[in-house]
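Only one chain is given next, in C-alpha cells, and it is the form predicted alone.
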C-alpha cells in the first residue's frame, strides 16, 4: 500500500525543524500523547492542504475514489456531518424543497435549517417486523416527487441505525425518471463494498446515488471524525471542495486524515476477508438469537451489524444493558426494546465468543406482543429555519399541546423524530412523546409564536 500522507508528514518530522507554527503543543507530548502529537501537524510545506489539495492528500483521495468506484472522493475530518452539509448545499443550494426520509440524523436537520430547505417527508413502510421501523419504498418517493415537482433532490438514510436497508436501486431509478439527484446518508455503510456479493448490499454509489456521505470511523479502522464524501455524478465535482470548506474547519486534523489513510490500506487489503468472516460469524449468531427468542429485523439488513430485539423476551433496556455489560460487552446502542452490535474484521474471536455466551445464557421474562413504533404525521406551520432561529423555551411535554416545536424531539438519537422544528404538537404528537419517555421539548416562544399557537 502507498501511504502518501504518512510519507509526507513523516518526511517533515525527519527534518527536525523548529515548530514556529501551529499547533501550540509543538509536537511535544508524554505518556499516551508521546506517539501521536508529533504527527498532529498543520498545513506546513510538503504536507498539502485539505481544501486545496494537490499533493499527498490529493493522491489519497484519488486512491479512495478508485476503491469505491466514484467520480471523485473527498477526504473529510469533520465526520459525516460535514459530508451531509456539503451534499445538501451542492444539490439544493438554499430555499429549495427536498424529498427526505423521516429518519434523518440531527446534522441533516441542522443543515436544512442553515440552508433554509423545505422538507417533504417520506415515512417508512412497516416491513421490518413488529419491533422495528421499516424501509423507504420507491413508490413513496415517487408519490412525493409527483406531488412536489419542484423538489431539488431526494435524501435517504440507508442503512439505518438498526441495519435496515432500503431499496436504493429502485429509489435511484425513480430519481432518474424525475431528473433529480439521489443523496444518501451512508454514515453506517462505508464497509458495504467489502461484503460478499451474496448479501446483495452494494454501496450507494453503485446503486446510482449522485452523492453520499460515509463515516469511516463507524465501521472501518479510522479515528472518530474520519469520513468520505462520495461523488457519483461528475456535475458535483467542481464545486465540492469549495462547498465543503464553507462548513468545515480551516484547521482539519492531520491525525484523523492519517487514520483515513490507514482505513484505505485496510480497504485495499484485508477488508474483504475481514467482513466476510465477520458476516458469517454474525449469521450464526442471528440463528442462535432467533432460537432463543430474540426478534430480528426482517428483510435485507447490514450483515456486519447484529440487532437483537430483546423486547420480545420481555426485557427492558436497563435490564438488558446490565446483562450484556455483565458479560464484558459494550454494545453500540440500546433502545427501549433492541440492542445494536457493530463488528468488523478488527474484532477478535473472543469478542464473538462472549456475545455467543450472552445470547445462550439469556432467559425470557415474558412473551409480550410486538410494540409497534408510534409515528404521527405532524402538521408543519413554520419553516425549519424559521423555527430554529426563533426565540425558544424548554417546557414539559404536558404543557406543549398546540405549541410549535423549535427543534426535533426524538425518543433517543438516532430515533425517528416525533416532531421536527416548525411542526405543531397536537394530541397524537403529545401522546407519542409520552410513549417514548420524552419529558421536555423545545418550543417556539415570543411574539412570532403567538401567530401560530392554537
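Being a predicted model, the structure only gives us computed values, none of them experimental. Numbering follows the first chain given and starts at 1.
One more form of this protein, predicted in complex with a small molecule, exists but is not displayed; see below.
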Does any part of residue 215 reach within 4.5 Å of the small molecule in the predicted complex? Heavy atoms only, please.
yes
In the predicted complex, does residue 187 come within 4.5 Å of the small molecule, counting heavy atoms only?
yes
Interface membership of residue 161, the small molecule in the predicted complex, 4.5 Å heavy atom rule
yes
Partner proximity in the predicted complex: residue 300 to the small molecule, non-hydrogen atom cutoff 4.5 Å
no
Interface check vs the small molecule in the predicted complex: of 87, 99, 80, 210, the one with a heavy atom inside 4.5 Å is 80
Scan 245, 268, 107, 344 and let me know which has any heavy atom within 4.5 Å of the small molecule in the predicted complex.
107
Counting only non-hydrogen atoms, the one stretch of 216-224, 168-176, 380-388, 201-209 within 4.5 angstroms of the small molecule in the predicted complex is 216-224
